[in-house]
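First comes one chain, alone, set out as structure tokens in the form predicted alone.
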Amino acid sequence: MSINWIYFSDTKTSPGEIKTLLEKDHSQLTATFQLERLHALLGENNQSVLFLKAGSLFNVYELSQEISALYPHAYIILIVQEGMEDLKKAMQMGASDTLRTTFNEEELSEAILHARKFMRHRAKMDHNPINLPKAEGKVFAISSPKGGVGKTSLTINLAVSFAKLGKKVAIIDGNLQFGDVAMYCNLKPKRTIYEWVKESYGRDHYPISHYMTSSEYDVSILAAPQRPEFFEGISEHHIKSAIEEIKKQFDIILIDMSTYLSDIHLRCLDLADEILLLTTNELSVMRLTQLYLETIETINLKNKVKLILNRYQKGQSLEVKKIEEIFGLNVYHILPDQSTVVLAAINAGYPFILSHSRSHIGKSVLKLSEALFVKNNDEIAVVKKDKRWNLLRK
């Protein structure tokens, strides 16, 4: 795959470090200060990454919107003045990433790395025969037996990370009484899973997507009922049907699980391809996590579990090796403790993966999504054993 690296500046500023860094990796950058030349370059190759710096003749966001409309294949990295960096606005205008004009080498390297990964993923998608039926989506159950450990926050930011990788993503709020996924995204859904069960389950009135709420981050949400008492009308059969229907329409489905295990939630775990079990380095949380693991081991689901250690600080309580010994599982991924960033994002109703994409926690969640994406992109047939659910029902 050959990437067409392009640099445009209406201030006639030299690409400088961008060109130097790309040449070190044996990549060539074409710089232009003329809009006509830019259009010609973008039209030559459908694998184009554009560093866009404007502000003299053009508004950089408006120019990005125009270019993305004309050349939807282009991966646009905006270079903006200090204080003007707004990833939310950039995404709305068709850009994929932003850099401040005062960027350092690490930030530039990271932006180039993300661009390469995205272009590789898209190249693989482009080579898939268009007449093949769409593969069913992968289901991840995000779970923890303890509230307040960051489960919902991880679900939302992981979903946005998958969307940034070009996947079509859905979230099912599995906390049917007090779910707050929509609130975390600053959304007020008009339709929820309750309306779907009442109006469309078992009928051909509307597809389930009609009852999902779309966010500005390219993530669709099947929200929890608006009233806690409405959950009584929802059964494990409803949730099974919902998951199976959503799998046909989305690439990635994340279920934000409740802290308790009912028949509904056990069914979610059974239908999930992966169970991301979130824990922290606190004895009370680890004790409940151990009980949770013992419970799902009795129904032969422990093999699906990937242990995620959240809010980790070096020198804190137990070491990672000791935690792995306690649970009999390897720690699949470690998320750093950046409570200030996470809480600010929750209060703003805006994912930190966008507002603080280059923070330690932002980078860590993106790395987790990439690891899960690569693993689940390998088409390996797995025969599920029906006896799992039979064991559960005995």
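Numbering starts at 1 and runs along the sequence shown. None of the values given here were measured: they were computed from a predicted structure.
FYI, the form predicted in complex with a small molecule isn't displayed, but the following is about it.
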Q | Candidate stretches 240-248, 294-302, 145-153, 71-79, one within 4.5 Å of the small molecule in the predicted complex by heavy atom | A | 145-153
Q | Heavy atom distance at most 4.5 Å to the small molecule in the predicted complex, all of 138, 217 and 253 | A | no
Q. Just one of 368, 42, 342, 54 has a heavy atom within 4.5 angstroms of the small molecule in the predicted complex, so which one?
A. 342
Q: Have a look at 338, 357, 47, 65 for me and say which one sits with a heavy atom within 4.5 Å of the small molecule in the predicted complex.
A: 338
Q: May I ask you to state whether residue 311 is within 4.5 Å of the small molecule in the predicted complex, using heavy atom distances?
A: yes
Q | Contact label in the predicted complex: residue 290 to the small molecule, heavy atom within 4.5 Å | A | no
Q: Spell out, yes or no, whether the shortest heavy atom distance between residue 184 and the small molecule in the predicted complex is within 4.5 Å.
A: yes
(Q) Is residue 259 part of the interface with the small molecule in the predicted complex - any heavy atom within 4.5 Å? (A) yes
